[in-house]
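Only one chain is shown below, in structure tokens, and it's the form predicted alone.
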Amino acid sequence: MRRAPSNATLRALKVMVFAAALLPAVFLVLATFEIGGQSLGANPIEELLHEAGEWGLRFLLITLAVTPLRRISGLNWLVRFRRMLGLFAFFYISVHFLVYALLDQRLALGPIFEDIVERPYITLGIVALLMLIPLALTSTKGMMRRLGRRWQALHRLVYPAAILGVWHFWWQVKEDIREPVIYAVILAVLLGIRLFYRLRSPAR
């Protein structure tokens, strides 16, 4: 086990990670209002929807990578960044949904409900979002103490949520599936590493 950085160093690293995780949102805001030469192109709503969703999926995979990376490297302090990264994943995925509901569908509940029922990739995305909501709401240390062992069981929902997120992306792109294939491979590797360590550990 490697020595953890000092608390001051960890705080500085957290600030840096927070700033880096916020950068995509800043760029999306600048592009939305065409500030500094940034632009979302001919179809800004579709581009904003795509970018927010893809960043949400990226941060979800980065969050899932923390534990395997901690196990392989022995850097146990990496786990201190997992909650922040998970909340950023939820943030971008929520923005993805809000762009769809508010800007694309103009909060028309009828068409939104029809899309959820009739378009399977939207159904998968909504189910994944619903799985992530309780994880975000119970991400505090107080909720962790209050729920005890149930907290860990609840937060295993992140695995099916990530699977559904990749599946949602795969079905949504329809033709060029290179990007969702990359995400699917990364997710499979991350889950495979977790399964490997679970199988080799003594039965509890």
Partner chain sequence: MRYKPTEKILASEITDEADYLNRREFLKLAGIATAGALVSSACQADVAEAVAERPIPGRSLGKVAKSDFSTTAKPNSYEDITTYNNFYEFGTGKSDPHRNAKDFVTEPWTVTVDGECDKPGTYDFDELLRASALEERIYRLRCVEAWSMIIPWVGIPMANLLKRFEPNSRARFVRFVTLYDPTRMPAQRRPILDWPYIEGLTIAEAMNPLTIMAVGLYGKVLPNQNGAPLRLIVPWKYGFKSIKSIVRIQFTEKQPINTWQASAPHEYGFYANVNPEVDHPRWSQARERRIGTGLFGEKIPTQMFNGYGEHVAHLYSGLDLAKHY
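Residue numbers count along the first chain shown, from 1. In this text, all values refer to a predicted model and were calculated from it rather than measured experimentally.
Only in words, not in the display: the form predicted together with the partner chain, which the text now covers.
Visitor: Of the listed stretches (81-89, 67-75, 128-136, 96-104), which one has a non-hydrogen atom within 4.5 Å of the partner chain in the predicted complex?
Guide: Correct option: 96-104.
Visitor: Against the partner chain in the predicted complex, would Pro44 count as a contact residue? Criterion: heavy atoms within 4.5 Å.
Guide: Contact with the partner chain, yes.
Visitor: In the predicted complex, is there a heavy atom of the partner chain that lies within 4.5 Å of any heavy atom of Arg146, even though the partner is absent here?
Guide: No, Arg146 is distant from the partner.
Visitor: Please tell me whether any heavy atom belonging to Lys141 falls inside 4.5 Å of a heavy atom of the partner chain, as the geometry stands in the predicted complex.
Guide: Flag for Lys141 set to no.
Visitor: Could you confirm whether Ala52 comes within 4.5 Å of the partner chain in the predicted complex, counting heavy atoms only?
Guide: Because no heavy atom of Ala52 falls inside 4.5 Å of the partner chain in the predicted complex, the answer is no.
Visitor: Could you spot which one of Phe27, Trp151, Trp171, Tyr159 gets a heavy atom to within 4.5 Å of the partner chain in the predicted complex?
Guide: Result of the distance check: Trp171.
Visitor: Across 20-35, which residues bring a heavy atom to within 4.5 Å of the partner chain in the predicted complex?
Guide: The stretch touches the partner through Thr32 alone.
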